[in-house]
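Listed next as structure tokens is one chain, alone, in the form predicted alone.
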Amino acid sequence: MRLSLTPREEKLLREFGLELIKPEYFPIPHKFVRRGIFIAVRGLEEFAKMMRTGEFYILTGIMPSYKLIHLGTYAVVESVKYFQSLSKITIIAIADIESLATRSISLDVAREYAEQYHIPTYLALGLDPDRTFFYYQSENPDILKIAGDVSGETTLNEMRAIYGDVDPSRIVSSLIQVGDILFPQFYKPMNGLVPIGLDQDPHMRLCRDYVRRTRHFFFDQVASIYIRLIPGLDGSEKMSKSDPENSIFLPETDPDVLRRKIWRAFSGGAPTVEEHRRRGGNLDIDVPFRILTYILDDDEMLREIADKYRSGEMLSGELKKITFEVLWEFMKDFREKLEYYRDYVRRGNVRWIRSAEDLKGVY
């Protein structure tokens, strides 16, 4: 069951020169592969090599700018979890410098948010705690070395061409992100893979261009895999922490609140029951069905729901009821794991690194 591309996704794919990724590039089956949630790749040659050999690291970041975490994070973590099973090591940046520069969040508050909310959430969603390494940008000197070199190899006009209007906070954030992506290679040159949304492609273009031109360091090239985003409940492109009524959070603790949110979600159903029975529902714009596409593991159940809704046999209210039930079960399981991993983090069991030096002997 693969959803059609949204107009915005089609536009960005054309604008960035990206092609859809084919399922045969993935060595292990996964619902994100079958359902077209992995949408495209930048660096197809490197990606194919990584999938063939397993010689790569997977890296993503946490922006600790708020304690609330929405369901869109699930798509990122589920993607990292998939590639964790194929890669040598998983590294997660706590973007406290970026959060300070772009969101005015102090380093102390960023640490509180990361350790009380974000890290436990990432582990509760299924990352292997023994194979996942975390670090703070503010404590990693390797990042500054790379950021300094990137600044010397990049002009302001190039930054404007990639990002549009740039201010100092955007420049600092962009340079630091290149350091995040590449610093593991100070220990061992190796291809890296970064799962991101299409809107984050400019960072990868900057990084890949820098790898090709740096005169002071040697890095293997990196690639990015693009994830389709879980939409906002109003049908907007993605959920946002700053819009609580339009987002589903991890966790939702009140079933009545979750039910109300699902019932208000944008529907692909017809205005009347008679019309819906006649022409069926539009799966491509129906937010509850889009959410099920990410969360529901059972392919056969998803296919049956899709067939019934598309034909008009299933009404929007019935689809929303199923979505609520699936999500509430998901939340109950998640809450139990979240409490376990909050205690896990409090007890100091997280695997921390401060630089590439700490990766020696890990892989």
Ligand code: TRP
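Note that residue numbering begins at 1 and tracks the sequence as displayed. Since we're looking at a predicted model, the values are computed, not measured.
Omitted here: the form predicted in complex with this ligand. The next part is about that form.
None of 196 to 204, 82 to 90, 113 to 121, 152 to 160 except one has non-hydrogen atoms within 4.5 angstroms of this ligand in the predicted complex; the exception is 196 to 204. Although the partner is absent here, residue 59 lies within 4.5 Å of this ligand in the predicted complex, judged by heavy atoms. Looking at residue 95, you'd find a heavy atom of it within 4.5 angstroms of this ligand in the predicted complex.
In the predicted complex, this ligand sits within 4.5 Å of a heavy atom of residue 177.
With a 4.5 Å cutoff on heavy atoms, residue 267 does not count as touching this ligand in the predicted complex; it lies far away. Taking 315, 40, 63, 331 one by one, only a single residue has any non-hydrogen atom within 4.5 Å of this ligand in the predicted complex, and it is 63. Between this ligand and the residues 293, 137, 247, 185, the one pair within 4.5 Å by heavy atoms in the predicted complex involves 137.
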